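Listed next as structure tokens: two forms of one protein chain, kept apart as structure 1 and structure 2.
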Structure 1
């Protein structure tokens, strides 16, 4: 039996099936889109942290810092990517925090946070890259008020051009630059409208 998402996706696949060849990416000077108007930092993580804070994001380094931050927020229950849960649960800072590896729609309000893997991050913009193929649960990443992206340092790219060169063939990729936000009603900025209201990125070396 198809759920609503699969029904929509199947119709999209049917519509795209006659299109055997996709359009090529446009050509451009790779130096033009690189942002250089920012202070100098010791490394890409420091630049990323600076940029992420500018858009109300929360950069954290290591599971110890993440566990302490969750405890400070009073968060006790969350969703966690099955590929990460063993490592996260084993860390002492997560004592007393329950991690579930299945996101149940009927309990959407029970989850105070969702932990998924980041496919990459962009230092010059403070953005997190989420590929559909590498995100264990799209609902687990979008529905809880707080989303935590676990980032491996090797996937922290200095600029957008470098990140794009690592896109691969995934047709669905999200760039999250801080919490979800909109200002289309009288120019008033509101966060957490179409997705998480708190965006965290936790760096693992």
Structure 2
């Protein structure tokens, strides 16, 4: 409502008018929110893996590792980003697994996993970054029990500050830090509430 806009703005101006001076923006060190350094990890991937495991995520290095992991899961059908499907299919680990490149909402429970691209990852927190421009289907990355994000090494950022500097103009950016979870019931941790119960990040060099 246009009237309400004017009303709210004028109330704000009136509320602030009596202030003799207004609080300054603290010009803080941009590195302030960056966590303590972890010299014990050889590189950002090692740190990322460690952090991702801490939140019960599954970091995997390379398609072979992904293939081995997949073999243990007994998956039959999943969703895959059309841009990745050739690479993934070419790998022997995917023989016998059906990959669909459109996500049909009416069959939401048929997909046991979804494979989409990660637009980035944050080493410090073990988070993957999903941008609308590079996620082929929001649902494909969210609804199946297992989500597999494929990450290029160049997109691995050390910290959240760096990830923010790569926001670009994307209207929907998600940092996913481990599987979906709740502790609403007596503080007991349960995974897979609405989103994935298993979150995988596979690094491709």
Partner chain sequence: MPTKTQQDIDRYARDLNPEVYTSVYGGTKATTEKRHDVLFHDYPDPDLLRRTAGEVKQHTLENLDTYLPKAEAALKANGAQVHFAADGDAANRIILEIMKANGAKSMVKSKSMVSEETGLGHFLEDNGMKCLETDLGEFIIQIDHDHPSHIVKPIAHKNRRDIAKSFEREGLGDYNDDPATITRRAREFLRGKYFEADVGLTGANFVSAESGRLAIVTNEGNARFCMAATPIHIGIVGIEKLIPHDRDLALFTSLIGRSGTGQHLTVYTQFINGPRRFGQPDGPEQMHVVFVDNKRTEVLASNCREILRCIRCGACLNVCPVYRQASGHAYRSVYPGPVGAVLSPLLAGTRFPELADLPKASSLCGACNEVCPVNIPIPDLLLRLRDKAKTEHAGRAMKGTPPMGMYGLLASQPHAWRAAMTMGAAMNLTPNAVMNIIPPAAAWNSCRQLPKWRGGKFRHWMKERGKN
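Superpose the two forms; the largest set of C-alphas matching within 1.5 Å is the rigid core. The structure presented is a predicted model; accordingly, all values stated were derived computationally and were not measured. Positions refer to the first chain, counted from 1.
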Check against labels, form predicted in complex with the partner chain ends up as structure 2
For residue 153, does the CA position differ by 2 Å or more between structures 1 and 2 when the superposition is done on the rigid core? no
_Would residue 53 count as moving between structures 1 and 2, using a Cα shift of 2 angstroms or more after superposing the core as the test?_
no
Problem - Core-aligned C-alpha movement of residue 38 between structures 1 and 2, 2 Å or more - result: yes
Here the CA of residue 186, compared between structures 1 and 2 on the core, is shifted in angstrom by 3.4
